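Quick heads-up: it's one chain on its own, the form predicted alone, in structure tokens.
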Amino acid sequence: MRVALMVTCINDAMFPDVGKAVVTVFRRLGVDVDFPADQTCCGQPMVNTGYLDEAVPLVRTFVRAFEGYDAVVTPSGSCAGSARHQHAIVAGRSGDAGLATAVAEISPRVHELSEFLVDVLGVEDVGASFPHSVTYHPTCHSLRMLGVGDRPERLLRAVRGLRLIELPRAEECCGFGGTFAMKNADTSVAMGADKARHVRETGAEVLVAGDSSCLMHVGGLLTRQRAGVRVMHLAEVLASTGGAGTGGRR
């Protein structure tokens, strides 16, 4: 199986350890993964803001970068959702039948990390060890657009030493929403504050999610509140093999 890593813009620019963690997990499972150097933004920021025509060049680049792979895996529910659902809308508006055909072929092969591990590889225990208490936030696009369900929690429960604590009102949005956070800053912060409060109520040491953007938003609020709670991407926990668990951000 030829597998490509779609690392996402935010991980490439700000959280490179997330991409490295995905590679670590795959190598442990014996999966060879490529990193196509031509990949850029998936185009989600433009689509979510209504600039669909401006996203066409990015969808073209996506097709060129990832065509020929059996699977494209990304540590982001929002970017996987964009590639699986939004790209078809962008390609359809472009009037380019070739692009629309290419997107239709590639999109079903795009997987969020937990989907790929559980559904494609058939693995829940990835050999991880993380002796800490954890609470999990299901991000909006993974929950609502992709329907990943309990796959991330199943992976976390199989991690040795990890104690998973249920997050109150987990299905509520954290308030980030990309450009929403800039255009509606007050509402975004209020929603994030609610999420941070629920995280603190769990008493967990670590907040885990499948999207670095959401972790950046909630993690920033937790830091300002001096909550003492680390935030870590799901991939970072799955890549861990025990010890003090020094990864993550405060």
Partner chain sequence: MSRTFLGMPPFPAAAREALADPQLRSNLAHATTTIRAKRAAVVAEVDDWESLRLRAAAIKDDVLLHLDEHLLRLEESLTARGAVVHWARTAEEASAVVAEVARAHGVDEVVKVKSMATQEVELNEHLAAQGISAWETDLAELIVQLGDDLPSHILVPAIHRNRAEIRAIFEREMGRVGRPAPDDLTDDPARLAEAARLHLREKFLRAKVGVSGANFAVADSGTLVVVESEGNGRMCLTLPEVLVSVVGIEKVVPSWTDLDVFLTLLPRSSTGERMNPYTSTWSGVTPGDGPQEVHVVLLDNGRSRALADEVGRQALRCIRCSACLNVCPVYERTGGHAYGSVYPGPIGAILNPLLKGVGHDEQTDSLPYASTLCGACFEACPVRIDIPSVLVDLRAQVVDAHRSGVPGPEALAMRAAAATFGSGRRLAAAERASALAGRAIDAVARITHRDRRVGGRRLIGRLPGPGAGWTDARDLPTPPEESFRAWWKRTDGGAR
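Keep in mind the model is a prediction, meaning the values are calculated, not measured. Numbering follows the first chain given and starts at 1.
A second form of this protein, the form predicted in complex with its partner chain, is not displayed here; the remarks below concern that form.
Using a 4.5 Å heavy atom cutoff, none of 82, 107 and 150 lies near its partner chain in the predicted bound form.
Residue contact check for residue 52: one or more of its heavy atoms lie within 4.5 Å of its partner chain in the predicted bound form.
In the predicted bound form, at least one heavy atom of residue 176 sits within 4.5 Å of a heavy atom of its partner chain.
Mapping the unseen interface onto this chain, residue 29 falls outside it, with no heavy atom inside 4.5 Å of its partner chain in the predicted bound form. Using a 4.5 Å cutoff between non-hydrogen atoms, residue 172 counts as a contact of its partner chain in the predicted bound form. Of the stretches 68-76, 98-106, 152-160, 134-142, only 134-142 has residues with a heavy atom within 4.5 Å of its partner chain in the predicted bound form. Heavy atoms closer than or equal to 4.5 Å to its partner chain in the predicted bound form belong, across 101-126, to no residue whatsoever.
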